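First, one chain by itself in structure tokens, the form predicted alone.
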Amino acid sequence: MAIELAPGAGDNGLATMMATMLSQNLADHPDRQPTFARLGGRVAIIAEDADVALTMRFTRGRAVVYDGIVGIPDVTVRGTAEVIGNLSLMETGRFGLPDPKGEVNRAMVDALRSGELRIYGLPAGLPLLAGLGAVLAID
């Protein structure tokens, strides 16, 4: 499993944080490595209030984290830095899917309803987003 920062991404705090979180979670939870190995595609994350964006490109067991939007994302997540940060706190349930009873998950649904969080590329990108959520979960 390889997680890399693309040239220039080291100056992007969000990109550095996501790469570190991915690496740390995979080290702490080796059981998540098969899920990581199946990820394929691009996820763009934009923290609008912090004016920062990143792209994570997953290629079967490898992730490269870029500064800004690179290529055409399969899934784009837009929201405030706080809501983006909460993505890693989402509670997982059966089959690694988000637990609808989880407190953070309910808050995320509320953020989606209010427009504070927007996700583009669904439903086609749902497997990619669910897999990323399972790998990033800190529980």
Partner chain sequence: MGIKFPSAEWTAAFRDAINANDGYKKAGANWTHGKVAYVVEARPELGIDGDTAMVLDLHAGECREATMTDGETAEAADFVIRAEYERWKEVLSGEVDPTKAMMQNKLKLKKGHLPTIVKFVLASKELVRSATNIDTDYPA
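Positions refer to the first chain, counted from 1. Note that the structure is predicted; figures quoted are calculated from it, not measured.
Another form exists, predicted in complex with the partner chain; not displayed. Remarks below refer to it.
Checking 70 to 78, 33 to 41, 47 to 55, 106 to 114 against the partner chain in the predicted complex, the stretch whose residues place heavy atoms within 4.5 Å of it is 47 to 55. Using a 4.5 Å cutoff between non-hydrogen atoms, residue 63 does not count as a contact of the partner chain in the predicted complex. Heavy atoms of residue 119 never reach within 4.5 Å of the partner chain in the predicted complex, leaving it off the interface. Remark: residue 92 does not count among the residues lining the partner chain in the predicted complex, judged by a heavy atom distance of 4.5 Å or less. Using a 4.5 angstroms threshold between heavy atoms, residue 138 counts as touching the partner chain in the predicted complex. Contact annotation for 105 to 122: no residue has a non-hydrogen atom within 4.5 angstroms of the partner chain in the predicted complex.
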